[in-house]
Ligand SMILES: Nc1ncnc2c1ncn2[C@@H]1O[C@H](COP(=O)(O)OP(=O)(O)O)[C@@H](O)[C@H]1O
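Here we start with a single chain on its own, the form predicted alone, put down as structure tokens.
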Amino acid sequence: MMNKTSKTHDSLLRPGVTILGKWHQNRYVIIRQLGKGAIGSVYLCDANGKKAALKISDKGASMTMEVNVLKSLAKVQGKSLGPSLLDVDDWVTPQGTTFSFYVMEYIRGTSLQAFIKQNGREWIGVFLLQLLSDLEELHEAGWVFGDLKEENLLVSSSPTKVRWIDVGGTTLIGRAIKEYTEFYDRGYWGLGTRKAEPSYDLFALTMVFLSIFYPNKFTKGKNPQVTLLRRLQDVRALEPYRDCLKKAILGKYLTSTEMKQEISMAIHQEQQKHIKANTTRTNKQQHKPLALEVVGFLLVALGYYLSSLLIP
């Protein structure tokens, strides 16, 4: 819930309003609100002719923690796992109230659901592998993403890559998860604690890919574990990765590295299966181009992703 002070800055920040940083004197013109949550609100703004995302709140301590998380993510293997941090400052309103804000890179992109619907389910394995690589680095740096959900991810282009757009739930390993969304939270499903550990993120990652095929979500039912496994079983597009995703739901992976290795094997097996089906098919020449196309797409997509890892 937003408190009264948060509502005040929401009512003040209308399109066209200019925020002047108290310390750095940088100006940001509000374009529109992008979203809001427990910590604060995020706005699209104009920063000297360039679009940026500005997050503002009256909760200074929480904002400082988020800034520290962004700085930490920027140092992970020299890659930017989250949005690039551009500025940190305070804004004093005409009424004399002070709010903390920070400005970050505005990431343009498409939702996972829309991208996969448009470009094909062959990308599921590519994105699973990429997100597991990112989580691997994050976990090794001592953090858990926490509030991992489809709404906090966007697929950007050049190269095609999943980007994280909100790090507000990121928590140091060993502590209690500070921000979560019920559908993606294993505690809600009765399948684990809310302790920040790699397995918490891996459960949420599975729920991200389930949410792609269940956009309206679904309820727990009388037996949450049975509900989840049945829903997973019913999604044909997730069949190649079903065993891995089931293990993540049940908390069988201790590290993201374990799951990443098994997803890689699943992708390889899927490629081999298509190749074998193509080479053993007889008297069905008309189907060969399709099979070759599928295999080619898998290889190209995987190569495209692997090459993107070289780009910070």
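So that there is no doubt, residue numbering starts at 1 and follows the sequence shown. All of these numbers come straight from a predicted model, not from anything done at the bench.
Beyond what is shown, the protein has a form predicted together with the named molecule; the following relates to that form.
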For this chain shown on its own, do 34, 39 and 152 all sit within 4.5 Å of the named molecule in the predicted bound form, going by heavy atoms?
yes
Does at least one non-hydrogen atom of residue 105 fall within 4.5 angstroms of the named molecule in the predicted bound form?
yes
is_contact(residue 201, the named molecule) in the predicted bound form, heavy atom dist at most 4.5 Å:
no
My question is simply whether residue 165 lines the interface with the named molecule in the predicted bound form - judged by any non-hydrogen atom within 4.5 Å.
yes
Although the named molecule is absent from this view, report whether residue 83 comes within 4.5 Å of it in the predicted bound form, heavy atoms only.
yes
Among the candidate residues 267, 53, 30, 65, which is the single one with a non-hydrogen atom no more than 4.5 Å from the named molecule in the predicted bound form?
53
Looking at 191 to 199, 124 to 132, 235 to 243, 106 to 114, which lies within 4.5 angstroms of the named molecule in the predicted bound form, counting heavy atoms?
106 to 114
